Ligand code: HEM
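Presented as structure tokens, the chain that follows is alone, the form predicted on its own.
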Amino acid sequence: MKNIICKSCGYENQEGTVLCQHCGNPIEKNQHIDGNQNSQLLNMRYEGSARRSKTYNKSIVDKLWNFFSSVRVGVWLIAITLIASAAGTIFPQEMYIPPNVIAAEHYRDQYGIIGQIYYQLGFHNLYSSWWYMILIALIGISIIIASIDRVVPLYKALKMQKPKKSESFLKRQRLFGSTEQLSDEGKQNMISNLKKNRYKVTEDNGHVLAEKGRFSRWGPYVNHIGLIVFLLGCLLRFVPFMYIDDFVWVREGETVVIPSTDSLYYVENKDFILETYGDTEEDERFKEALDKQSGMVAKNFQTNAVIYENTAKSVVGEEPNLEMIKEDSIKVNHPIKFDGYALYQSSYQQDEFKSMSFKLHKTDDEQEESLGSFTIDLANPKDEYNLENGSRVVIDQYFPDYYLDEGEPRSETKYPRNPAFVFLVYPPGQEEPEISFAAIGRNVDASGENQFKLGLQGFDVRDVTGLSLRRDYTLPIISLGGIIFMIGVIQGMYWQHRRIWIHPKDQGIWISAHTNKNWFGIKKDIEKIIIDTNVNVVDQEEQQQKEQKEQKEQKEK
């Protein structure tokens, strides 16, 4: 690209420059790039420096750069991501539906055709879907390219700040003033007042540049860095090593492997404790509130747990060698932590069936004299049980959480909350079995001609605790991004980049000023600087607006 020679000072500027980077002289043919060519005042955006996205547009790299550097494109990407994120909350994500159901059938049965469309479009696993990750990545790319496109030329322009500026540059600033006569003492007083107001003063042959708050110009780009770090932390949540969010049910007295730890850690539920309001005399003060509740209100539920580490080598079929590493109580908001993991008390299930005992007796026996009994471990039932009188009982079907689906027995979950069985009873010496269906409060003779009957003799229950497993190495990264973002917000919000130029003119001076925001503040600074002088500073923008208003009123008359 051809460079542009400034007519005022001869400095060679890059193609696309709006203001000469040495003297500030407007390059008129490029005013339309960032400003209004017909405006009397200069557009000081990015200090009039050349931006790549406004200069190059030939190769495919240029077009991609220009596309992603557009603020409009960035806003659209953020808007699309927000809409998609909102759509992901219409129905529960797949991680929150029952674990033993087929996702496609669940969304179709629970939510109808809308749920089926929701599933087909992939919204059931929205936040880990490939296209959602691409949206997040595109936002990050847009932020990076837009920042580089603006921050590099801005940095170069601010680095080249000179006290001596062209007269055209000074006259076309928003705040401009002059005086035909000012003594050296008056000028020195102005410079002294600038320093008192914490301005950094640079002089060059009588030309003065007073500046403060330049660091505030980097506030938006610090924001961008914070956003990029934040988005990086969000993306890392989909790396298994960096972020784990899992769940496990553990029954009292049971030791199970902790999910997502590659069978390295196990947890034992030694005891589950549930305390409710009303259990002690101290809870009498809550009696009035509790009377309004339809059920019991939990005051505390906790799991007395032991964490084990499997020190055996990971070989299929090999029994784990468990070594205790920690024992503690897990309460709500008080997890047990180990090796970067944390187990939180999340849920519980009271009185889940542990085992059920059945007895066999003759159908016509009114006294129901037992011919034999057996006990089923509901977590690990056997296929066949042999009784004392020579009978055999075979479990043909087992429904841990029994319910009827249009007359057909099915299991809603894999947990023994309402167990039911289809038994095949083989009496002594018989090869043909009798079929019986047994559940809590139900005992059905399938043929109506059975000579033997199975009856429920008793059952044992136990509590089950639900523990959430978390490991989050991304939280420090996300927190760092948030802190950086807030630093940028404060940096750009509470400080302003203010500049005042003093230009010697014959026996007097010209004075111009610019700020990226808070014009009221810089006007107050100038009032303090020019006190006891005959310098008069005018807000040219307000003057233009006033003149335009007067012209409009005259035309209406």
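Residue numbers here begin at 1 and follow the sequence given. Bear in mind the structure is a predicted one, so any value in this text is a computation, not a measurement.
Here the subject shifts to the form predicted in complex with ligand HEM, a form of this protein not shown in this document.
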* To do: Answer with yes or no whether Tyr46 is in contact with ligand HEM in the predicted bound form, where contact means some heavy atom within 4.5 Å.
  => yes
* Asked: So in the predicted bound form, does Ser53 come within 4.5 Å of ligand HEM, heavy atom to heavy atom?
  -> no
* Lys187: heavy atom within 4.5 Å of ligand HEM in the predicted bound form? -> no
* Pro220: heavy atom within 4.5 Å of ligand HEM in the predicted bound form? -> yes
* Structure fact -> Answer among 119-127, 234-242, 71-79, 438-446 for heavy atoms within 4.5 Å of ligand HEM in the predicted bound form: the stretch 71-79
* Work out which of Ile478, Leu424, Leu469, Ala146 lies within 4.5 Å of ligand HEM in the predicted bound form, going by heavy atoms. => Ala146
* Asked: Just one of Leu170, Leu227, Ala420, Val201 has a heavy atom within 4.5 Å of ligand HEM in the predicted bound form. Which one?
  -> Leu227
* Asked: If you check in the predicted bound form, do Thr261, Phe272 and Ala342 all have a non-hydrogen atom within 4.5 Å of ligand HEM?
  -> no
* Considering only 130-160, what residues come within 4.5 Å of ligand HEM in the predicted bound form, judged by heavy atoms? -> Ile139, Ser142, Ile143, Ala146, Arg150, Leu154
